[in-house]
Ligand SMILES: O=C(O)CCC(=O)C(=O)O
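The chain below stands alone, shown as C-alpha cells; this is the form predicted alone.
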Amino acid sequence: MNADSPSHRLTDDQKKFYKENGYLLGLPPIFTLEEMQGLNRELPNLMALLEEGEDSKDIREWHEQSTYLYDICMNPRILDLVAGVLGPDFYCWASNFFIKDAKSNSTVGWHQDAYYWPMAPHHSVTVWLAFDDVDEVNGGMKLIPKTHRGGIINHQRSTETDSVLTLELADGTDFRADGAVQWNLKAGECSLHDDRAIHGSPANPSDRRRAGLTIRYSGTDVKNDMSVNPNFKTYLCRGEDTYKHNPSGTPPTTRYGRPTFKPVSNEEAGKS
C-alpha cells in the first residue's frame, strides 16, 4: 500500500459503530478496478475445477489449495480491517463464493451465520468482498442492524425455497426486516459483519451478475467442534495462537486447486 492509499485500520468511531450495529460499510477499497478485473479474468480457471452437479456455491474452503484465493484472504488491507474487530490474534478458516447470475431466482434467506458454525465463543467476523458492483437492483445483501446483540435465534429447515440455504429463521421469529440496511458496494470494496447479525439477500432479476466472496475470520480464542466439522483448519493471519484449540493448515503452493475432501455443508453443521 503506497503512501497515498487510504488507511485500512479502523478508527475508534468505526469500531464503536461495529460493536453497536454489527456491521461496517463505507470502507476504503481493497482492490483497484484494474486489480478486480484481473481477479475476475482468473475466476473461470477456478470454476473449471467444479465437478458435474456442482456450482459456484461449492467453491468452499478452496483457499486451502489455491493461492488465487489464499492471497485474497491474506491481503494485508483486509487483515487491517479485521484486526480492528477481532484484535491482534486471529485466523482465517473459511471462504465461499456467493454468485447470482443475471436473471437468477436464487435468494439467501434471513439467517445468522453463527447458527451454522459449531464454534465458540462468538468472536468471528465475515468479510464480504464484491467481485461485481452490488446494489438493490442485482440482489445485494441486506442486514438488520443490532440483531447481533439478541442472541442466536431458532432456524427451521425448508426445502420449498429458492434460497441457497435450507436453514432460515423460523416462522414467527420476532424481527423487523423493514429496518434492514442495503449493501451497495463497488467491485473491489468489502463489508464486515458479525456472525450473529441477521442478514439475507433477494433474487437478481437484473442483467448484471452479482458475485461476492465471503471470508471468515475468528479470534484465536474460538474453538471448533471437530466432531461436527472434522476437516476444519486454521490459517493464522496476525499475532500468535496461544490457545492451540484447532488444527493448522498448510498454505497452498498452486494457483488453482480444490480440497480433496468435501467441506461440511452449512445444513450439516447447522442445528436441526
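Owing to the predicted nature of the structure, the values given are computational and were not obtained by experimental measurement. Numbers for residues come from their place in the sequence shown, where the first is 1.
What comes next is about the form predicted together with the ligand, which is not displayed.
Novice: Identify which of V82, M141, L185, C73 has a heavy atom within 4.5 Å of the ligand in the predicted complex; exactly one of them does.
Specialist: Here the answer is residue option M141.
Novice: Picking from 144-152, 74-82, 87-95, 106-114, which part of the chain touches the ligand in the predicted complex when contact means heavy atoms within 4.5 Å?
Specialist: So the stretch in question is 106-114.
Novice: Residue-level contact is defined here as any heavy atom of the residue lying within 4.5 Å of the ligand in the predicted complex; does W128 satisfy this criterion?
Specialist: W128: contacts the ligand in the predicted complex.
Novice: Though only this chain appears here, would N229 touch the ligand in the predicted complex if you measure heavy atom gaps against 4.5 Å?
Specialist: Taking the distances in the predicted complex, the answer for N229 is no, it never comes within 4.5 Å of the ligand.
Novice: According to a 4.5 angstroms non-hydrogen atom cut-off, is T214 in contact with the ligand in the predicted complex?
Specialist: Yes - in the predicted complex, heavy atoms of T214 and the ligand come within 4.5 Å of each other.
Novice: Check whether H63 has any heavy atom within 4.5 Å of a heavy atom of the ligand in the predicted complex, and answer yes or no.
Specialist: So H63 does not count as contacting the ligand.
Novice: Hey, which residues along 198-237 are within 4.5 angstroms of the ligand in the predicted complex, non-hydrogen atoms only?
Specialist: Contacts from 198-237: H199, S201, R210, T214, R216.
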